[in-house]
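To begin, one chain is listed below as structure tokens, in the form predicted on its own.
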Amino acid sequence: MKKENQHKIIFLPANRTGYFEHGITVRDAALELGIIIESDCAGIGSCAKCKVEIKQGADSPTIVEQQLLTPDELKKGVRLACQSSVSADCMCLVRTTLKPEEVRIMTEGLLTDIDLNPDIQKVLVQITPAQLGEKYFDFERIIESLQHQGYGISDYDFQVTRDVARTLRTNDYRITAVIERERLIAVEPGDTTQVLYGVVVDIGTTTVAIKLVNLVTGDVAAVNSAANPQAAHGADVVSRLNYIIQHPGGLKRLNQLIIKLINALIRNLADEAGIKLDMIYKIVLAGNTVMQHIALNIDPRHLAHKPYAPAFQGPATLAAVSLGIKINPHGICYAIPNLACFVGSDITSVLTILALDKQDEFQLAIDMGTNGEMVIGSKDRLLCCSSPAGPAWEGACITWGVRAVYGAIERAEIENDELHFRTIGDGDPVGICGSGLIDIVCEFLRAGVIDKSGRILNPVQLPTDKISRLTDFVAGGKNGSRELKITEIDNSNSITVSQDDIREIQLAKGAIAAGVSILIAEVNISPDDIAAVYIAGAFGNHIRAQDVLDLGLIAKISPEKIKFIGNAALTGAEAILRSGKARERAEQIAKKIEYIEIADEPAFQDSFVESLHFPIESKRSES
């Protein structure tokens, strides 16, 4: 029922209605109803991506809206959800919410041969019934029987003892013991040894990927993925840390969002595989340090300021039910250990299936996410660092940037001075995702339209042999700057790449390049000495080796040394689920790896500034 000083808001096309206090922003009202409105800036009013149409009831446009929206948009009732406050009953049309099936998220990575020998297993046990006069206890007899079969039990879930008498007598003392390492976690009546599933989850800042694995056969039963709903509260980990610090209950809110998503994805996996949730006994979590803290409901706020101290490294083993994760009631959650404050368990997973620490020559691994994480290693030394690349790789903070959705420009190429591009799903272009943006920037770099400093050149400065053809791509942008006109989408709008967009790419690649330079200098080698470069992450798998070099992400090396390994974090987590040896290797790596905090490295700032420039030679004549 509507109370005094409240207004009714109807959100379409979701058709959800709520009553909210006078002055609430449309964005906050939508979030309370579970409607995620796409944005990159966590509601501070800088990205202009949370556009909605408000029919009535909103206050006058703010100064920010007047600056970021066109007169035609304002006339049509287009507003920024984070800026528009409600002063009367209103109806709001949300056009930016993406359907899960419209987002393409990589779930495949480096293929590895991992023996199936999981830490969690089931053992069929036939118990000898008690005899009158015999000193006999049901639970202890189970333990003894397991020991006779070679399974040492040093710990157990006390809940098992409450049900053991009934369980034993349900199937004539024939039971299945569920063991996680040396801990007895469940006792089931009869023979259930052929029913044992596990789940692995890679919690990324932008996306979440998940796999269901049959731990009896080793088969991957189902795969699923989705956008991380926490993005509504910030596109990167720093924004989410600030949200937790500035909003009472912020940690609880972000934790509930990720647990709700994980449960929904697990339910989807189970439905696809035709199994029940209680057939899943273990979940393995990988993610960057902040994402893992939030998923485990551990306050990460001290990562926001020096000395950037995480609450824990891990590994952590706990009951899945304690996190609200809906699998078997006795199910286990294993959180892979982190490596450092901003080098998370996702990189631990990657290193688990690579062999950097076993090689004679140094190799390099780079995870190109919103937080760039880098590792260099050989049999002599293993060293890691992180650098805040920002969300540009995911299309965030870019004028026409979108995630890898249907219609996103993902590939571009200039051929005979004409720009050709490809969209995801071959649909009409709606924006540019990370890989498409990299292609566009590199193609115009190679064509001489963008110079080494990242500046879009005035048409009169273009190469004399191209000025007549390439001039059409260069247009005037905001505040007198130039932009690249990629394609028209209607009579009044064109997808463009602005000068500011190029600067965002320079900042992102500069952060990673500077981190790589610090690592190379620390181990006292030259770039030529690197035997292989592994680029992990969904975004990294969709770019080209030559683009990596022309951007200057790493110093000039042979393109053949660059290997793209996809979502190796998910693959590594799967290896840890499948194999106790892989889990032990992950824990050993976490103990021995060294960490450099590059923010305190005197050379980092100089290297970062130097790395902002593109190394490619401009084709523009010097005349």
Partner chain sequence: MTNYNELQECIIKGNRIKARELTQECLDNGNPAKEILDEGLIPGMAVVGKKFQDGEYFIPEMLVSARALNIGLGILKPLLEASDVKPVAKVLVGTVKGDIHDIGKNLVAIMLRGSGFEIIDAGVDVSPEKFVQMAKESGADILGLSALLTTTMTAMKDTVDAFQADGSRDKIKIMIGGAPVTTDYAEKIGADGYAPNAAIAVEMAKTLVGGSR
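Since the model is a prediction, treat every value here as computed from it, not as a measurement. C-alpha atoms forming the largest set that superposes within 1.5 Å between two forms make up the rigid core. Numbering follows the first chain given and starts at 1.
In what follows, reference is made to the form predicted together with its partner chain, a form of this protein that is not presented.
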- Query: Looking at L507, I525, V430, I275, which has any heavy atom no more than 4.5 Å from its partner chain in the predicted complex?
  - Reply: L507
- Single option in A304, A531, M91, A545 placed near its partner chain in the predicted complex, where near means a heavy atom within 4.5 Å: A304
- Heavy atoms within 4.5 Å of its partner chain in the predicted complex: which stretch among 266 to 274, 512 to 520, 236 to 244, 118 to 126? 236 to 244
- Task: Classify F11 as contacting or not contacting its partner chain in the predicted complex by the rule of any non-hydrogen atom within 4.5 angstroms, answering yes or no.
- Result: no
- Task: Classify Q605 as contacting or not contacting its partner chain in the predicted complex by the rule of any non-hydrogen atom within 4.5 angstroms, answering yes or no.
- Result: yes
- Item | Distance check, K326 to its partner chain in the predicted complex, heavy atom within 4.5 Å | no
- Message: in the predicted complex, does R16 come within 4.5 Å of its partner chain, counting heavy atoms only?
- Response: no
- Complete contact of R162, R183 and H330 with its partner chain in the predicted complex (any heavy atom, 4.5 Å): no
- Query: Counting only heavy atoms, which residues in 565 to 602 are within 4.5 Å of its partner chain in the predicted complex?
  - Reply: A599
- Message: Is the shift of G454 between this form and the one not shown large enough to count as movement, that is, does its C-alpha move by 2 Å or more after the core is superposed?
- Response: yes
- Taking the rigid core as the superposition reference, indicate whether the CA of C397 shifts 2 angstroms or more between this form and the one not shown. yes
